[in-house]
Every structure is written in structure tokens, then in C-alpha cells.
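Coming up is one lone chain in C-alpha cells, specifically the form predicted alone.
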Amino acid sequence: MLDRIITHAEVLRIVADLAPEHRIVGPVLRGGQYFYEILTDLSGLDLTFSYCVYGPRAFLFPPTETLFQFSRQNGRFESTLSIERVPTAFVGVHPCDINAIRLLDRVFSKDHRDEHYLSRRECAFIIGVDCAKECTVGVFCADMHGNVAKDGFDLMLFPLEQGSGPNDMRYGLVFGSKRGEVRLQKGSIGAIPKAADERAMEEYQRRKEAAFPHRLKTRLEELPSLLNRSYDSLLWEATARRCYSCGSCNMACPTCYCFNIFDETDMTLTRGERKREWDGCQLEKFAEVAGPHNFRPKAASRLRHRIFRKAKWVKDQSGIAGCVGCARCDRACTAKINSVEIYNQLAEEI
């Protein structure tokens, strides 16, 4: 059920209304590719973009951040928590990235609250835009159920009529939160959907379902058992021979959340900062501990670990799939290692 029908001009009104209180992050065309960046000129906002090279993860979970500052005073160390609260409105987030943020929400709030992530998330406003078709060749979001977002946004736009250009778009809109609904009511934006609009939405959903190809030979629900049977497969070693352990797949992934913690001190060793930075399970020293020992010294064991995390372990632990099928890992891989090929070759072995 639609909540409103709005035009592209009205979307821009919503964003302009958010701008005084939020930094606006949206897709920006740079060098022939789109990136999520801070928008300074809303006239360049193109919600018909294909895909962004990276997801919006870095704005909620920065690659490097200070957790707290510490100093030695009167023979003991005192610490000051460093919490960043910058209201941010994300505009034009595709379902795969909304589902990735849902996973981060769960991971960073489950068992132990991560106040650094959650402080950013709590003041984030998300305007999603649905994908009517696959954004590029190679994605397997339909297989991972990542191409549909049912929650995790404040407003969701469905491009019902494209018109002759981006500025002629007409969207069906669904509220995802009370503050999203309030935001529209505050500006008296949009029209109440009519029966013809609901029929257009049903037709849109039918076209979308037919437009997304399925590339995996194994259903999402069956991937965990497939991996269990494939733990000792020779495929891991054969595929990992091409892996440079560069970690590009981890850095490009919108659902990766591993990090390393370290301290930076001044020359007096009496004050400093505790920081964290992204880490990646494909990096050779990721599993290195004191001793020195490394739980996964071989590229094959690291590759198997990543695939198991994405298709089994994260879902077991969080209830949300660890992969949204955006294929950013495959596009980023310098050795052309392909997740779909791995899943399908494992299926053929059984």
C-alpha cells in the first residue's frame, strides 16, 4: 500500500527541508562512477543512478575513528568518550544498502551497544529509492533477498513513472517511520494515492520480479547446509591461489563490520587516543595473535572463512543475511574471484 504519490520536485523539497538540520549524503557522479558523498548542490541529485561504488557504510561506521581520549592525571588515567552526533540525511539509498545498514544496526546493538555507531545511526534519516531492475551485470541481490527493503528506512520511493528525464520522475512513496510520515505532513507534500496508483504499484512489482535474474543454483535458505558439506572442498585452495589477500573485497563490502583497536600516544606517554579502524578477514594478519600464532595463515582458509561468514555464520548469529548480493566484492577483486562462481561450483560438487 502506498502512502503518497510525489514528484521529483517534491523529493527535492523534502531534501531541502532536511538540509538546514542535516548534512545531505547522496549519489554523486565522479569520473564516470557514482559515489555516496556529501551534497552541496541539490540540483545534481540524480536518483536514477545505477549503483554507487561503495555503500554508505563509511558515514555510519568510519574507516578510522577516535573512541576516547585519555590522559594521566594524579597517578591515574582519565578518559573522555568521543561521540560524534552529526545529523545526516541519506538520499537515494538502494534496498541492498538499506538491508546492509539493517545488519549493522543489529550487530552494533546486539549484546553490547556500540555507542559510536548508534549515535550516528540514531540521528540518520534515510530516503530509499527502489530498484526496478538490476543495477549492473553480476549482482545476485535477488538470490540473497537484498533487492527488497521492507524496513530500515524513513521514506521509500518507488519509481512508477520515469518520464523523459530524472526531473520528470513520479514516485510512489511508503512511510518507514513515524518521523518520515511527520516530515511529509509537515510540508504538506505529495498526493493521496488513487486506485490507479495502487494498480500501477502492483504492475511495478510484477515487472520488478521478472526483471531481476537469479544467478545462484542454490536457494538462500540452503546455502548454510551447502557450505557445511563443502568445508573440506578443494575449491577453497584452488580459488585462493589467485587471491592477493589485499582485502579489497572487505573494504568494498557494505556489511563488513570487523575492526582493529589501537592506541596513539604523545611523546610524553601521558596522553593519547584510543582509535579503531576497519579490518578485513582476507588480510594475512587479521587472525594473528600473540605468540605469534595465526588461526588462518593460508589464503584458502581466509577465503572459506569469508564465504562462511557471508552465507551462514552472520545469519546464524544475527538473524539477518550477511550478504545482500550487491557484488561489490566481486567487482573490487583484483584477482577476479567471484562469489557466484564459488557458490555454484560448490553446488556442482555435491
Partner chain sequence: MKPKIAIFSLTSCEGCSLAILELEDHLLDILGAVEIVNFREGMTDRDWDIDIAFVDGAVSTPQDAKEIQHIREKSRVLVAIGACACLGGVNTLKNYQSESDYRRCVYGDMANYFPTTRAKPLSAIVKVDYELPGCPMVKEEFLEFVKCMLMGKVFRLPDSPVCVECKKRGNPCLYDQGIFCLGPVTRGGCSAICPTFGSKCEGCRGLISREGLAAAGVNIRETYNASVKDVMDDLRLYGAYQEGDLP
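Model, not experiment: these values are computed from the prediction. Residue numbers count along the first chain shown, from 1.
Not on display, but discussed next: the form predicted together with the partner chain.
Chemist: So, P63, D263 and A335: all three within 4.5 Å of the partner chain in the predicted bound form by heavy atoms, or not?
Modeler: Yes, because P63, D263 and A335 each have a heavy atom that approaches the partner chain to within 4.5 Å in the predicted bound form.
Chemist: Would you mind picking out the stretch of 240-248, 204-212, 115-123, 145-153 that comes within 4.5 angstroms of the partner chain in the predicted bound form, counting non-hydrogen atoms?
Modeler: Of the stretches listed, the one contacting the partner is 240-248.
Chemist: From the list F108, W236, W278, F175, which entry has a heavy atom within 4.5 Å of the partner chain in the predicted bound form?
Modeler: By the 4.5 Å heavy-atom cutoff, the listed residue in contact is W278.
Chemist: Using heavy atoms only and a 4.5 Å cut-off, determine which of I307, A299, C52, L47 is in contact with the partner chain in the predicted bound form.
Modeler: None of the other options qualify; the answer is A299.
Chemist: Is the gap between Q33 and the partner chain in the predicted bound form 4.5 Å or less for some heavy atom pair?
Modeler: Close contact exists here: in the predicted bound form, Q33 approaches the partner chain to within 4.5 Å, heavy atoms only.
Chemist: With the partner left out of view, is A195 within 4.5 angstroms of the partner chain in the predicted bound form by any non-hydrogen atom?
Modeler: No.
Chemist: May I ask you to check whether M267 falls inside a 4.5 Å heavy atom distance of the partner chain in the predicted bound form?
Modeler: M267 belongs to the contact set for the partner chain.
Chemist: Given that the partner chain is not shown alongside this chain, does L283 nevertheless sit within 4.5 Å of it in the predicted bound form, heavy atom to heavy atom?
Modeler: Yes, L283 is a contact residue.
Chemist: Does anything in 74-109 come within 4.5 Å of the partner chain in the predicted bound form by heavy atoms, and if so which residues, in order?
Modeler: Not one residue comes within 4.5 Å of the partner.
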